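Let's start with one chain on its own, the form predicted alone, as structure tokens.
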């Protein structure tokens, strides 16, 4: 294989890896603030793809994806606020002892509910949104307009998320809650309201991933299943609770899948990431950027 072709596969892996990181970022952000795993994250991804498709197919048209994307994220953000307020807040205000088990049961029930609602409302069919833009070239890589749009939008969302967390007062509150939920309350922060916002932001990121990848990965009720596996794979690689780890893990996974498809077989693309994950856990059980749990 010559260097030119290898560079194309590397760029392809980087592009899809950056887009993968959106889902992982949402998962790890919710975990960092609320200390729970949202097993229904893939369904919020799926809902995002459906909302995006509905807006583009019936109201806006494919050329206005840049309007549909924030509308989709806003709709799923509100859904996340309501879901957290009604179903997840009770585990913090009613003295539930096994919060992790409660959260697991509730989010798995949500996963089943949303998936079946999608079948009832949209049918079991697969929908293919029209292309967002014309094909172009990224350095040495010919890339579809859909994938290029997804890359640019993802980079913009990652930049906005960074500014939110690092440059705003609510971002300071998020970082404080991630470090010490009890301590942040002594500073006058309403941690329960902060949980609502964190959950809404996390599921909105997943919805953005679903909206951006809808033209390539299609829109259907089980569309979030693969993205869920990828997301959890990434956060284990990067380290659970690490925002930087989510981005780095996504890029690594994209590269490993792309290079594995070249040097071995594309039929086993999803296997290469798991092999890397197992090898990494043997060497570093906490992931690349994960921290050891304090015991004293």
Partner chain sequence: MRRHRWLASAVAVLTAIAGVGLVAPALAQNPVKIGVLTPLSPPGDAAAGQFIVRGAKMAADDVNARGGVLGGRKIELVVEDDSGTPEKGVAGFRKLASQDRAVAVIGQFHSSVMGAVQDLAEQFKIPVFSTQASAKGITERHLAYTFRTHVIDPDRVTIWNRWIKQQGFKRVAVLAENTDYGVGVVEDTKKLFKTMDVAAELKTVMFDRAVVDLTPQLLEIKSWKPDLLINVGVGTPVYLILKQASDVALFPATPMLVSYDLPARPEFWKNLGEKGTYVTFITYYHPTMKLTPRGEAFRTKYREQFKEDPVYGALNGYAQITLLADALNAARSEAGESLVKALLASKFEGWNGTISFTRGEGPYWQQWTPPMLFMQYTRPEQVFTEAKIIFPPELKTGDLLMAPKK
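Please read all numbers here as calculations on a predicted model, not as lab measurements. Residue numbers count along the first chain shown, from 1.
Omitted from view is the form predicted together with the partner chain, to which the following refers.
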4.5 Å heavy atom contact, residue 142 and the partner chain in the model of the complex: yes
Hey, in the model of the complex, is residue 221 touching the partner chain, heavy atoms inside 4.5 Å? yes
Would residue 266 show up as a contact with the partner chain in the model of the complex if we use heavy atoms at 4.5 Å? yes
Contact flag, residue 202 vs the partner chain in the model of the complex, heavy atom cut 4.5 Å: no
Under a 4.5 angstroms heavy atom criterion, identify the one residue in 217, 77, 161, 148 near the partner chain in the model of the complex. 217
If the cut-off is 4.5 angstroms on heavy atoms, which of these, 92, 114, 127, 102, is the one near the partner chain in the model of the complex? 127
Quick check for you: of 204-212, 118-126, 166-174, 68-76, which stretch puts a non-hydrogen atom within 4.5 Å of the partner chain in the model of the complex? 118-126
Each of 44, 233 and 242 within 4.5 Å of the partner chain in the model of the complex, by any heavy atom, yes or no? no
Residues of stretch 34-61 in contact with the partner chain in the model of the complex (4.5 Å, non-hydrogen atom): none
